[in-house]
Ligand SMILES: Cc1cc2nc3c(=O)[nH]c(=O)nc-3n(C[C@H](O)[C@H](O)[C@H](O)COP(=O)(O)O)c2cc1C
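As a starting point, one isolated chain is supplied in structure tokens, in the form predicted alone.
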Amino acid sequence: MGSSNKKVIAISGSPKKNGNTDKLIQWFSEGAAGLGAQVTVLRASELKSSVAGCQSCRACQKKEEYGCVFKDDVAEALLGMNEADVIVMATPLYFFAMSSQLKAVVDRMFSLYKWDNDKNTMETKLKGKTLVLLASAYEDAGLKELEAPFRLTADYTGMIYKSMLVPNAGVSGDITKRPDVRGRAVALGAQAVTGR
């Protein structure tokens, strides 16, 4: 099938281990790693943070390097996004949105962009990378709303966007009862690193 030397960073937004979100990441990773990609998986709930989300201090805009000025695990994860070819965001549906654990990381992605308001320009190292959303919901409601900010971010940034939304996934761990989902997730992992 060929091989890939791509780097993948996956951020799990679920505070639960071995639940539906973890399974989606595991299966996606199988597809990517099976083609030689290097996959790093981080749990948002385990990243030590010195601040509660983005502080809107804009100090990141005053330095030449891309990245958050608050030095903690989240800042390291953001630097990992700069180095990755594929960025995976995985989350359960919580009140028609991503989990708060993941949102705290996503908001600090502000530091990975440089804006010049006078020239009306934006630059980022994320341009051209692939952004993948893996999301599941207990029932068939809310996933399109959850997806909107990820799709908008990819469009705005100039990223390739892929998603796998799994309605009716059931309670934590029930997704393993859906063999169709495993196959789709593995295939998406392969597609993400081959660009197909």
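We number the residues from 1 along the sequence you see. For clarity, every value in this text was computed on a predicted model and none was experimentally measured.
This protein has a second form, the form predicted together with the named molecule, left out of what is shown; the following refers to that one.
Every residue of the trio K16, L93 and S136 has some heavy atom no more than 4.5 Å from the named molecule in the predicted bound form. At least one heavy atom of G170 is located within 4.5 Å of the named molecule in the predicted bound form. The stretch among 125-133, 52-60, 138-146, 155-163 whose residues place heavy atoms within 4.5 Å of the named molecule in the predicted bound form is 138-146.
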